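Taking the form predicted on its own, here's one chain by itself in C-alpha cells.
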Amino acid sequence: MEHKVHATSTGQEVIMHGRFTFADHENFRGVVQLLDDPSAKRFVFDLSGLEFVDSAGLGMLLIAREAAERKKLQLVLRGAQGQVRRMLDLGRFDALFTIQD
C-alpha cells in the first residue's frame, strides 16, 4: 500500500493506493501515529485508490478506529469500491465507521 497524507482544516486525510495487506502493518503504524495531532477533530481514510484489502488490512483499520476513539476523533472511510467495498460490507464496518461514497 502506498499512501499520501494531506492536512485539512479539521484534521488529516490519508489517501491510500494499491493493496492493503498484512505486509503493510509496519508502514501503517506511522499512519496511526498521525492520530496524535492534538488539533485534529476528524481523520479520513480515502480508500478510492485501493484495489484490494485482506483481513489484516481490515484489522489495521480497526486499530486506527480504537486509537481515534481514545482521542475523540471522528474516523471516516471514504470512496471504497469493488472488492474493498465488499469486504467492508461483509465485515459490517458501517456499524463501526462513518462510511462515505
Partner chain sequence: MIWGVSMPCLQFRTEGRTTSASSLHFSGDGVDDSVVARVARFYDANTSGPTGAVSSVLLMADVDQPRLAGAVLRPFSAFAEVIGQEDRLGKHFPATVANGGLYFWLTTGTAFQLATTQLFCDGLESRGVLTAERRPDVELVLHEALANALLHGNLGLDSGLRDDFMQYERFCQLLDERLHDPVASQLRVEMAATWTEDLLEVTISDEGDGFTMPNKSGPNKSGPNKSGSSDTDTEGTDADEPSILHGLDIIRALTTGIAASDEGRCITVRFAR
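Bear in mind the structure is a predicted one, so any value in this text is a computation, not a measurement. Numbering follows the first chain given and starts at 1.
Below, we refer to the form predicted together with the partner chain, which is not included among the displayed structures.
Remark: none of the three candidate residues (H3, S48 and L73) comes within 4.5 Å of the partner chain in the predicted complex, counting heavy atoms only. Proximity of M87 to the partner chain in the predicted complex falls within the 4.5 Å heavy atom cutoff. Residue contact check for H17: none of its heavy atoms lie within 4.5 Å of the partner chain in the predicted complex. Although the partner is absent from this view, L96 contacts the partner chain in the predicted complex, with a non-hydrogen atom inside 4.5 angstroms.
When the partner chain is considered in the predicted complex, Q12 lies well away from it, no heavy atom lying within 4.5 Å. Of the residues in 55 to 88, those that come within 4.5 Å of the partner chain in the predicted complex through at least one heavy atom are, in sequence order, S55, A56, L58, M60, L62, I63, E66, A67, R70, Q83, R86, M87.
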